[in-house]
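Quick heads-up: it's one chain on its own, the form predicted on its own, in structure tokens.
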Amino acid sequence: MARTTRVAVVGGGLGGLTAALALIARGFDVTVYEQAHELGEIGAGVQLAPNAMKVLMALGLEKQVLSAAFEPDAHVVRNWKTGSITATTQMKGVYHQQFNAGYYTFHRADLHAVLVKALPTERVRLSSKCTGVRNVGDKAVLDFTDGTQVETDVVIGADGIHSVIRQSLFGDQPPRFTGVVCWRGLVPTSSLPPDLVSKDMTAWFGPHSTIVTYYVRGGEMVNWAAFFEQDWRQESWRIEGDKGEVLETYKDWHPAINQLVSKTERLYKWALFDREPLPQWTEGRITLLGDSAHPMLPYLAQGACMAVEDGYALALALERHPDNVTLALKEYEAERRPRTARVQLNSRARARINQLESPLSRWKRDIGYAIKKFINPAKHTYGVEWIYGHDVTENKGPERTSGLAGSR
């Protein structure tokens, strides 16, 4: 009887856990190695568009994730100064028909907890900080800070923008500072005046800045994120921001923005980094996933979505070629790299479009939106149907059969 293929997933974030769950469902021997002492996420919002929701549905987790979700009515673009609506794309009641899945917003910790609960505890190794990985013959070997080594058949680097796995494969490649910082906060809905924040996923466009607001935890809280062009380069998500600095920065913006920030008890600030699309993700039995391979700016809200797609696509590729994992990883990379690179570059371009400085340029952009909406009212303001309509779970490949590979 053939031995079960062993897979080591380095990193217990959304992408790594998605890969682990999809692989376990297909009969692989999976272990997740997480450097933290417990599996958890910090308090921040995250959006899952239909392309990512299809993956969670395929994993059988739709009911669980929806219990922690909020479904926005629409995607709305507002003017930074007047608050007037520049463009609207209806989502609720439409996307299920258009894309066979909805668009939902979450507190990241709630979504992460659903994936953690679905993962058998014996599959996780906490306090396991990987220091390097290498291909050795027909195996891959992981090194850890405590001096231990682990031999496995496949390694998935899901360890973020500062990935040790990527560095082991391709050397030190520092991320690119984008010239943008982010402040982020959460506010209980009960502390806000009624209707201060609409039930939409709202993007406020202004000079040098975009502010995004949406509900999480079923509407119990409002998540806001303010992206502003500034030369400040500390990347940690755990640095507390100065509310006074935010209020001063946005003092000329619509009063609703200042009121929302004023009601925020604790907020955080970090610098935004990304990378150029990598020409290669895979070497032998080792590959990358999510931010390890393609960190991107948040202007299309697709960082988590792409990681979730990666995880499922990788499981399908290994299922197709269980006896030739190097071929499977090459196939996975060939499938995913063009799509994620396109999303990366579009996210970067969206930052420039949102944050135009010139009033004339902003006027031309907004007129363009109005014309497009007149021609095709149902089309998304950003033209991202090519992202939302993608279904990675349908990529069955030439050798895929029905059912899960756990029965192979």
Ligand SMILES: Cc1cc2nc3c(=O)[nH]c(=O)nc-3n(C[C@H](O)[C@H](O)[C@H](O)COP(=O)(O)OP(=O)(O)OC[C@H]3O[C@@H](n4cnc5c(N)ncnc54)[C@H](O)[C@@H]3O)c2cc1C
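Start at 1 and count along the sequence shown; that's the residue number. Keep in mind the model is a prediction, meaning the values are calculated, not measured.
This next part talks about the form predicted together with the ligand, which is not shown.
Student: Which of 327-335, 86-94, 157-165, 313-321 has heavy atoms within 4.5 Å of the ligand in the predicted complex?
Tutor: Only one stretch qualifies here: 157-165.
Student: Considering non-hydrogen atoms and a 4.5 Å limit, which listed residue (A304, A256, V246, A101) is close to the ligand in the predicted complex?
Tutor: Checking each option against the ligand in the predicted complex, the one that comes within 4.5 Å is A304.
Student: Pick from T152, S128, T202, T210: which has a non-hydrogen atom within 4.5 Å of the ligand in the predicted complex?
Tutor: Of T152, S128, T202, T210, the residue with a heavy atom within 4.5 Å of the ligand in the predicted complex is S128.
Student: Check whether R108 has any heavy atom within 4.5 Å of a heavy atom of the ligand in the predicted complex, and answer yes or no.
Tutor: Flag for R108 set to yes.
Student: P298 near the ligand in the predicted complex, any heavy atom under 4.5 Å?
Tutor: Looking in the predicted complex, residue contacts with the ligand include P298, since a heavy atom lies within 4.5 Å.
Student: Taking the ligand as it sits in the predicted complex, is A19 near enough to touch it, meaning that at least one heavy atom pair lies within 4.5 angstroms?
Tutor: Result no; A19 lies far from the ligand in the predicted complex.
Student: Taking heavy atoms and a 4.5 Å cut-off, does Q344 contact the ligand in the predicted complex?
Tutor: It does not: once the ligand is placed as it appears in the predicted complex, Q344 has no heavy atom within 4.5 Å of it.
Student: Mind listing which residues of 253-289 have a heavy atom within 4.5 Å of the ligand in the predicted complex?
Tutor: Residues within 4.5 Å: W270, L272, L289.
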